[in-house]
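Given as structure tokens, the chain that follows is alone and in the form predicted on its own.
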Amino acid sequence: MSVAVPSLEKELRARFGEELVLDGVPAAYLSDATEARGLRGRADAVVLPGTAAEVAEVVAWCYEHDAPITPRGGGTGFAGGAVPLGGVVLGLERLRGIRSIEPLLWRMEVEAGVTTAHVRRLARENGLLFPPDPGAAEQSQIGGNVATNAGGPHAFKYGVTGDWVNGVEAVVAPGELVAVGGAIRKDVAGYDLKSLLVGSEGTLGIVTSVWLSLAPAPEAVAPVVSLHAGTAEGCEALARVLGSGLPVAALEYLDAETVRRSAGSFPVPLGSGFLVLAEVDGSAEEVARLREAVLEAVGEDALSVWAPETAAEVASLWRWRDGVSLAVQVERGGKVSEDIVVPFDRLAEAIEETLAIGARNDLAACSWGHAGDGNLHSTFMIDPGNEAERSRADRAAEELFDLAVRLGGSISGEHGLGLVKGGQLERQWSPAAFALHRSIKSVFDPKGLLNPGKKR
């Protein structure tokens, strides 16, 4: 039976108590990092369970009463995946348990509400590394990172979040707590249900805990920054690094427009141009050798080169890189930024076309991203209060998706589909592939109540 909307919160409070069900719906639970684009949802109740068993009980109740469920982590997503379309917001912020950490076995199990930064700190304190490094690490939660299969700069060498997930505990319809994988590193006994849940954006199940693999922390790291005259020269430098077979950990780029907007906070004086950022890691001896090879590769036609020497300089460089998105947003107060992916050899074309798309839609544009993965953050600056600019930015995003598909790429590299890219997957996949995608959703969630409107 379905519960009338006005009584939904009342019914939930009667069943689960005031400690789990919030009084009213705070505005913070209706939006994520897409709020500047005018994307705000609606909900009838917010429930904050404290255990996986409570998550299962809430999902079971919602499934019985036909109430849509929007799972929510840290709310840092750029695709509207946590924006509700009515029903219940199920926040996972209270699931903060560290169920196990075993440094000698290079693994840990943590609950969904643990922040990414805390996972990385725990690993580091034990001489280990959790390599995935998506943005907003102090706010983003590991459950959300698993649900979106989040990436980051060091995904070039180490892969995305899902590459470090050995097992997932999740609640699936109609309210069953299941676990696939676990403390083991290899498992081909059945269909890869773990990988289906990873990246599913809460549409197939709600992640409550994950088993994570860790790696020994590298003895040394060494970034190299080079500035180039333009996109062509910068992409040639990137190609030399890649073509030389150098096992860099990160291979980033910022186009000239991004550099112009963020140069003021760069750790040392920085001129104008296209910026390449590469980092190597490993033993001290290996890093010293690789650093010189990277310097040679990028320095061939560089306007300038900077290689940080101290740990403080390295940390300062990455703090700057983490702040690039905010520096770009400050100019107009808002931005529309899409995470398209193209083959590496089409990167320069995609960078230049981003600027052309912006010009056609009368919007200031720029891009930066994970060059080694062909992952651009193509961005259009907007005034959040200007509806006409928001509309033009949405049209520009449509052109970006067309561009990605035309170049043999993908409409999303690390942010997921969420609401923002709803209906876009059919551009990229064949009808048969898309039909399989929809069939998987119907098997996991026959009523369509888990994060409705997303991942389609």
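The first residue of the shown sequence is 1; numbering continues from there. If you're wondering where the values come from, they're calculated on a predicted model, not measured in any experiment.
One more form of this protein exists, namely the form predicted together with a small molecule; it is left out here, but the text below deals with it.
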Which of these residues, E279, E338, E201, D255, gets a heavy atom within 4.5 Å of the small molecule in the predicted complex?
-> E201
Residue among G181, P308, G152, G374 with a heavy atom within 4.5 Å of the small molecule in the predicted complex = G152
Might S140 be said to contact the small molecule in the predicted complex, defining contact as any heavy atom within 4.5 Å?
-> yes
Contact of T231 with the small molecule in the predicted complex (heavy atom, 4.5 Å) = no
Might G205 be said to contact the small molecule in the predicted complex, defining contact as any heavy atom within 4.5 Å?
-> yes
Indicate whether the small molecule has at least one heavy atom within 4.5 Å of a heavy atom of A136 in the predicted complex.
-> yes
Partner-proximal stretch of 72 to 80, 379 to 387, 212 to 220, 354 to 362 relative to the small molecule in the predicted complex, 4.5 angstroms, heavy atom | 72 to 80
